[in-house]
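In the block that follows, a single chain appears as structure tokens, in the form predicted on its own.
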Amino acid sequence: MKWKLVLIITHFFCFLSFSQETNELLIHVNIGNEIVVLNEPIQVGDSIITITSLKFYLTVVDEHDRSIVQLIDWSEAKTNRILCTASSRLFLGTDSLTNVSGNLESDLDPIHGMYWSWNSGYINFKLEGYWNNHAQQKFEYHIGGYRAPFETFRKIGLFDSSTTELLIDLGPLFKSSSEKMMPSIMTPGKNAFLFSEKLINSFQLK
């Protein structure tokens, strides 16, 4: 009987270990076919885009609804990857619970420049730089908001065992923004909400 009990326990822990096995997800940011490097110009149509700052939050929610929030800062190469498990869901930004939890530590620390205030919450996506189309023009997109009806927390997709990359192509986003000459969004509200709906189309799991 003892050996049967040991076998059952061994199988249980093997199953548990397998179910909690994590994979590394590598993040790539492009504008079209060009890799985004901060402070390096990229040609987009008739414009030249230069990104000076790129930061955003990713939230991983496992099959037991436990979540981990990670800040991706494109100036820090070590943040261009996250860990995930099969059947986990990936979201862009921070959910309403995170915004009201009072947890201001680690990646959620306001020292990272991604927190407005207790009332407005976190900046889910920050993109700064300038484009030059015969005249230099600065852009600043600080996208956030967790209150209805203008939430900017967006689902990216579901992990499976073959998921290894998160591809982000900002090309269509810049084309849309430059055409409408929208130089900045700095507060929660309708404009941030509409921007987040376009932005989420730039994210693709592979």
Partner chain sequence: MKSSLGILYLLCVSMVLIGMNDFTVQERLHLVKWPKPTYNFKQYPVTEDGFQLGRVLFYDPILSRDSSISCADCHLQYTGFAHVDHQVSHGIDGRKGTRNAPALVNLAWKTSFHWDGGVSQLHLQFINPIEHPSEMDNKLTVVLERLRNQSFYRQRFKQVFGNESITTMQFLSAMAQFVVSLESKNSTYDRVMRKEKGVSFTKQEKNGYLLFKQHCNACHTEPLFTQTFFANNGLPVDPNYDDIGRFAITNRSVDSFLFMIPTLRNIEYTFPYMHDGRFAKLKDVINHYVKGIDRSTKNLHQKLRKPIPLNEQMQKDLIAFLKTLTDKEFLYNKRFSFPKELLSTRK
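Numbering follows the first chain given and starts at 1. Computed from a predicted structure; not experimentally measured.
Below, we refer to the form predicted in complex with its partner chain, which is not included among the displayed structures.
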- Query: Where, among 67-75, 107-115, 123-131, 84-92, do residues come within 4.5 Å of its partner chain in the predicted bound form by heavy atom distance?
  - Reply: 107-115
- Message: Within 4.5 Å, heavy atoms only: does residue 189 come near its partner chain in the predicted bound form?
- Response: yes
- Message: Residue-level question: is residue 136 within 4.5 Å of its partner chain in the predicted bound form, judged on heavy atoms?
- Response: no
- Message: Given that its partner chain is not shown alongside this chain, does residue 154 nevertheless sit within 4.5 Å of it in the predicted bound form, heavy atom to heavy atom?
- Response: no
- Taking 4.5 angstroms as the cut-off for heavy atoms, does residue 28 touch its partner chain in the predicted bound form? no
- Message: Please determine whether each residue of 55, 57 and 96 possesses a non-hydrogen atom within 4.5 angstroms of its partner chain in the predicted bound form.
- Response: no
- Hey, which residues along 150-171 are within 4.5 angstroms of its partner chain in the predicted bound form, non-hydrogen atoms only? 150
